[in-house]
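Here are two versions of the same chain, shown separately as structure tokens and labelled structure 1 and structure 2.
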Structure 1
Amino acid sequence: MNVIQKKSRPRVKNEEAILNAAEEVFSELGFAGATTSLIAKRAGIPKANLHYYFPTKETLYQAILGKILSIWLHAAETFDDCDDPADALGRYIRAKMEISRSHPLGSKIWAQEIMHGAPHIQGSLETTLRDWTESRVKIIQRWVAEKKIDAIDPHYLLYMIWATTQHYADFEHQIGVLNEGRALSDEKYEDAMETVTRIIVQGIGVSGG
């Protein structure tokens, strides 16, 4: 037997069930609207048990935000693998679109948190996000200097990419309504990815490849 115990089976299983349920409920109802009793119910455990694993609603919410940020940062790496604008941006846009498809709930929670003034993640914004952004701004500025793309302020390009890709997660309900009430099929989603990539790449005047 190890002195340092592995986390017990029920703990791992329960924490996972709680986190999944919490992601659903927070995205549907917001932080204030979410109730611990509803989260517990969806996780299939009594409310008191939830508070045993996560003492407060706040700690549970922080855990969810941390998970989202780590996914987001992982996708961000796709920016670094290549120095060709069309290729680097194409990969990045695709990575972000795929996250919107696979983790729409996390994207919604993040969006709501920002809209409310980021009361729980101000620190991450001012450090992680700011640093990441400024380093990529420099890359794009180099592309401009090398006349690989049109002369634009990189910030507005990044905002456009974030906005457009996240829209497919955050506004999936509206998109569904405008798609005859159904979610986009895989084929249509692929089409959307290609269209988005093409408009942006062509829009910044990428030359050569």
Structure 2
Amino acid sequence: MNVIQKKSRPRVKNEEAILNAAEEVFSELGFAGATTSLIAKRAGIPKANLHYYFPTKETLYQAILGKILSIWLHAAETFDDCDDPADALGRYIRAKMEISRSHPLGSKIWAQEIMHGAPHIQGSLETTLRDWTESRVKIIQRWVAEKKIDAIDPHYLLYMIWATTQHYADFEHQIGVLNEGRALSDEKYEDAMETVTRIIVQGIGVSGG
């Protein structure tokens, strides 16, 4: 058992280094421009080692996209453990904005992929994302039926949340330029989260948030 644990630590460390380097390269050069040679160089490992963990550039790219999607889907578990719209949506919006701050490169890579017609993740959009979205839609529809929120199309609410929260990752540079050339401070980011949450939650007829 101890031998297995000792072997797993270097593996986890190497995979993290590869994934972090891949995020940088894919976000800068896109899928077509990125190479496993450059990614390996950024990760500080031989190219052969990279291919031991990720046989092809495609599998590595899929891993990056799968990672950010998994993080996003996990954030919406607030819908499952709370039936108060203000609390559930408020925590979801804040979680999504925190993800934009902590994982901006993954969000940018996802946006690039979608803008190119999702050639590498169309299957995931039609299965994983669609099924997950419909599960959230049913919860929002129940809130509407119970008159906890205004009568709205749940899809449009989700699209608005995604667009607004992911803006803080995908347009991070633009935000910095408009903030006197600096990234938002912790205080300003907190204010942004509170503002976005209040506008969206109150906008669907929910007090609080």
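Numbers given to residues start at 1 and step along the sequence of structure 1. By rigid core we mean the largest C-alpha set that fits within 1.5 Å across both forms. These numbers were taken from a predicted model, which means no experiment stands behind them.
**Q** Please identify the form predicted in complex with the DNA: structure 1 or structure 2?
**A** Structure 1 is the one predicted in complex with the DNA.
**Q** Based on the rigid-body movement between structure 1 and structure 2, can you say which of 70, 95, 186, 104 lies at the hinge?
**A** At the hinge: 70.
**Q** Hey, what angle in ° does the smaller rigid piece rotate by between structure 1 and structure 2, against the larger one?
**A** Rigid-body rotation of the smaller part between structure 1 and structure 2: 17 degrees.
**Q** Aligning on the rigid core, what is the distance the CA of residue 48 moves between structure 1 and structure 2, in angstrom?
**A** Value for residue 48 between structure 1 and structure 2: 6.7 Å of C-alpha shift.
**Q** Check the Cα of residue 38 between structure 1 and structure 2 on a core superposition and give its shift in Å.
**A** Its alpha carbon moves by 3.7 Å.
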